[in-house]
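Before any questions on binding or motion, here is one chain by itself as structure tokens, the form predicted alone.
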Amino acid sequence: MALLIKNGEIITAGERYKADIWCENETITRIDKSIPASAGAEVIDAEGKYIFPGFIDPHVHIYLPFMGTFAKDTHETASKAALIGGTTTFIEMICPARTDDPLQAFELWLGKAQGQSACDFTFHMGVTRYDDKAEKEFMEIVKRGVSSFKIFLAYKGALGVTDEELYQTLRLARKLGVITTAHCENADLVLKLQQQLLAEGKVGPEWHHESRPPIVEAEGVHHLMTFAKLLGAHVYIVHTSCEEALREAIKGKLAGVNVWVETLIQYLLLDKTHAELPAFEGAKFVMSPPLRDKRNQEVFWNGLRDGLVSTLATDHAPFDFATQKRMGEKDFTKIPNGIPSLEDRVNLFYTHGVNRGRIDLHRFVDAASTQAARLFGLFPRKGAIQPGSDADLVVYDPAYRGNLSVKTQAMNVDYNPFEGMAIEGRPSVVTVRGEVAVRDGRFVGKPGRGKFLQREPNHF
């Protein structure tokens, strides 16, 4: 069925104008003034509303084995939550154990998503070890449509890579035209600080931050910059949380490194005092890198405004507070890391960014959609409103007012880190490739309709 969206104001990363949008065969086929409705077409009146390209979350965890447990969302629940919040595409991290074969891990993660996700999806392929066999499998995975790697300069002995493996990964990425996303913390320093704090009896969630202070994250970024410059690799720093780390990335860029920076919605709105809440409540807010001093928030708002920070993501990783987070009641290093935020990213970004005058509408779209599409080989299929693009559209109601709550969320987890926060605006209608998936905060789409998005390397 054809879809016609009328009377809305189209907002992209670079344009703003009023027009109608005609969608057919999953794509946008016409943009014009006053397009007449044809028989059988579904018509959506977007009067008084914005029309944004579908938002892209470039960093989520859905199937996630971590610290002996698993993240709570399934691809069905996570994709519904994403769509309700206006995210029509997400990029999931494949995180195999060091002993896993990369190709088997890719097929496992793909099998979890296919036929289950209601929105479109793709992956960053985790490199957790590097040898001749793994290298051949990484090359095969790239042929199958995954044009980005993920490395951890943290989690020593688990997901973390050695310097030799880092070198080999970036060398292969450069050869294949693949961008490498990186978790930057110095793994040895984290391990030593954790051991020292636990030996001193400092076991609560409030000590998690002290085991991974800003200098440790900054050193991880500096380390990556050294290798990336040497090898001419394209790198993307995930979940950047503090000014010290951002400065190292900017220094790298000024020195000629092909580097881009991501931050997360929680770093813009929450701070380390949340992880210091009494009665173990702080465990809800334990993630790595940790929430930082409040002074960092304005640094990242400014960075997003000026383009020093390219993208806004979530690092969505939902673990129940009542059971899973409590695994670390006597040892903060055993608290599963991460918070749920996939559903709320866009509305909070709009409320506290656009409505507070920190960013304009174009940068809002760019940071939450278009930059990720460009960086990860999806543009202009995604992240754009133009003929030939997928008809992923968000009809956004700026007049909506509401509050976030675990009682009303679609995410499959027992708390919301933004509980009680007000939102000023939300999606009224969300489409995925021309089919309506959400109306006024309710999922009305088809579970399992999401497609695996194959991407070509060498798109820089």
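Since the structure is predicted, the reported quantities are computational estimates derived from the model, not experimental observations. For every residue, the number given is its place in the sequence shown, counted from 1.
There is another form of the same protein, the form predicted in complex with a small molecule; it is not shown, and what comes next is about it.
Asks: Would Y155 count as a contact of the small molecule in the predicted complex, using a 4.5 angstroms cut-off between non-hydrogen atoms?
Replies: Although the small molecule is absent here, Y155 would touch it in the predicted complex, with heavy atoms inside 4.5 Å.
Asks: Does the small molecule get within 4.5 angstroms of any non-hydrogen atom of H61 in the predicted complex?
Replies: Yes.
Asks: Quick one: is S288 in contact with the small molecule in the predicted complex, heavy atoms, 4.5 Å cut-off?
Replies: It does: once the small molecule is placed as it appears in the predicted complex, S288 has a heavy atom within 4.5 Å of it.
Asks: Wondering, does Y400 line up within 4.5 Å of the small molecule in the predicted complex on heavy atoms?
Replies: No - in the predicted complex, heavy atoms of Y400 and the small molecule never come within 4.5 Å of each other.
Asks: Identify, from the list K382, H239, H75, R292, the residue with a heavy atom within 4.5 Å of the small molecule in the predicted complex.
Replies: None of the other options qualify; the answer is H239.
Asks: Considering the small molecule in the predicted complex, which of K80, H234, H183, R345 comes within 4.5 Å of it through any heavy atom?
Replies: That would be H183.
Asks: Can you pick the stretch from 168 to 176, 361 to 369, 220 to 228, 331 to 339 whose heavy atoms fall within 4.5 Å of the small molecule in the predicted complex?
Replies: Looking at the other structure, the answer is 331 to 339.
Asks: For this chain shown on its own, do F66, K150 and D315 all sit within 4.5 Å of the small molecule in the predicted complex, going by heavy atoms?
Replies: Result yes, every residue of the spot touches the small molecule.
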